[in-house]
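One chain is shown next in structure tokens, namely the form predicted on its own.
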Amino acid sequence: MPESKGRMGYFCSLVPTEIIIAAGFKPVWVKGKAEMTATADARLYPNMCPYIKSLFADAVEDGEAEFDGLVFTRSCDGARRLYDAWKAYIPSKFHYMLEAPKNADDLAVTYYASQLRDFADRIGKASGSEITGPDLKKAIKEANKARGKMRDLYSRQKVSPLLVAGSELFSLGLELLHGDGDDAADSTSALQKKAAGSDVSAKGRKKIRIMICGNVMSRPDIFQMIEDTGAEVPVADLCTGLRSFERIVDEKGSDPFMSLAQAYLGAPRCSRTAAPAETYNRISDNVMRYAVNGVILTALKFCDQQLYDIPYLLKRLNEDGTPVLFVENDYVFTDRDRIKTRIEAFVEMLAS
């Protein structure tokens, strides 16, 4: 593969980072500003996804000097409008819109593979080096290895009390996604050593175990709120959590673009592509796998896709007897005290 030429930002887990790596760029999941500003409200609808507004405000105020390009995905209408606003207000060295299908059948996979070929051609020209088959297969192997380490850490989260706190594991995942390089490598090694310790389930008092489910989250606030109550978070089914690391791309496929399309359109899928029943089945499986006592469903404000699923998920989990709490958030958790109070009451109910 060519030497690293800089940082390529992306906003969605449907973007195949392997192609970015093969082009010689470091893939970086863009996380946006730490707080909301009036900058985005002056140019975007007030009721638009706060994650989208945070990204846009960051770029308008600070520019995108840290990135050599951006990759957008038509993952929702908000993301599509971000692309339009970005082109109108923010000069970009390189930008590309990936048209990811909702379905995962053969026709959808073939179509997405053609999209990925075009993306590889465009980003290759931007990097000044053509992406070859061997380069892409090497990048697939590299990405699979990195995700495999996270999957291994998550697989060790079935004991109680946890050897690795949920907030620690989630923060490590964010380091990897946000391209923090050597820091992430060191953190991964440290957590692997910590998780390799003896099973402490018989030595300590078991804790209330809560699973977090939702969409994008770039701060560990809600994990810390849960852990402050004495409970623990063994698993987080989020775009920036377990879902980003469960994906495995076939390393032996004859056509790496087809292999990427199959993997990225396949399971695990988010609310944008999965039917509510599919999402419920995954949550239910993880409740059993991680011996979870309660589920916290969280969604970004104004996220129509995620919010559409919530009534169905609440109904099915209640019917199963799984305690569940729904918490809406504005991405930067400006209403932290209100959320903290609700979580404390939920954990107290589970403990009783």
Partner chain sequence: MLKKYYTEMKSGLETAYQQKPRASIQMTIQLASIFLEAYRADKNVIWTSFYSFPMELLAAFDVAPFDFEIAANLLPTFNADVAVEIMNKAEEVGYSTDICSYHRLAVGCDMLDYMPRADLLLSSSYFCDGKSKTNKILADRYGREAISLDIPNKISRESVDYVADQLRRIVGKIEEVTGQKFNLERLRECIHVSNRARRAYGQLADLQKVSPYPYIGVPVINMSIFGNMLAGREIQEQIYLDMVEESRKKIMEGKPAPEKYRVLWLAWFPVQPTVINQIFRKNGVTIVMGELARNYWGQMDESLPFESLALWSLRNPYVGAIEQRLKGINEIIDEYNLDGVVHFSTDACRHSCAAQKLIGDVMKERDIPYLVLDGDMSDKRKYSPERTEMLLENFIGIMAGRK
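Keep in mind that what you see is a predicted model, and the values were worked out from it rather than measured. Numbering follows the first chain given and starts at 1.
In what follows, reference is made to the form predicted in complex with the partner chain, a form of this protein that is not presented.
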Assert contact residue (the partner chain, in the predicted bound form, non-hydrogen atom within 4.5 Å, options 108, 190, 267, 146) equals 108
Of 81, 158, 138, 125, which one comes within 4.5 Å of the partner chain in the predicted bound form, counting heavy atoms only? 81
Any of the heavy atoms of residue 275 lying within 4.5 Å of the partner chain in the predicted bound form? yes
Residue-level question: is residue 224 within 4.5 Å of the partner chain in the predicted bound form, judged on heavy atoms? no
Interface membership of residue 88, the partner chain in the predicted bound form, 4.5 Å heavy atom rule: yes
Taking the shortest heavy atom distance, is residue 26 within 4.5 Å of the partner chain in the predicted bound form? no
Would all three of 19, 255 and 262 be in contact with the partner chain in the predicted bound form, where contact means some heavy atom lies within 4.5 Å? no
Tell me which of 241-249, 215-223, 149-157, 111-119 has residues with heavy atoms within 4.5 angstroms of the partner chain in the predicted bound form? 111-119
Though the partner is not shown here, which residues of 94-110 have a heavy atom within 4.5 Å of the partner chain in the predicted bound form? 96, 97, 99, 101, 102, 103, 105, 106, 107, 108
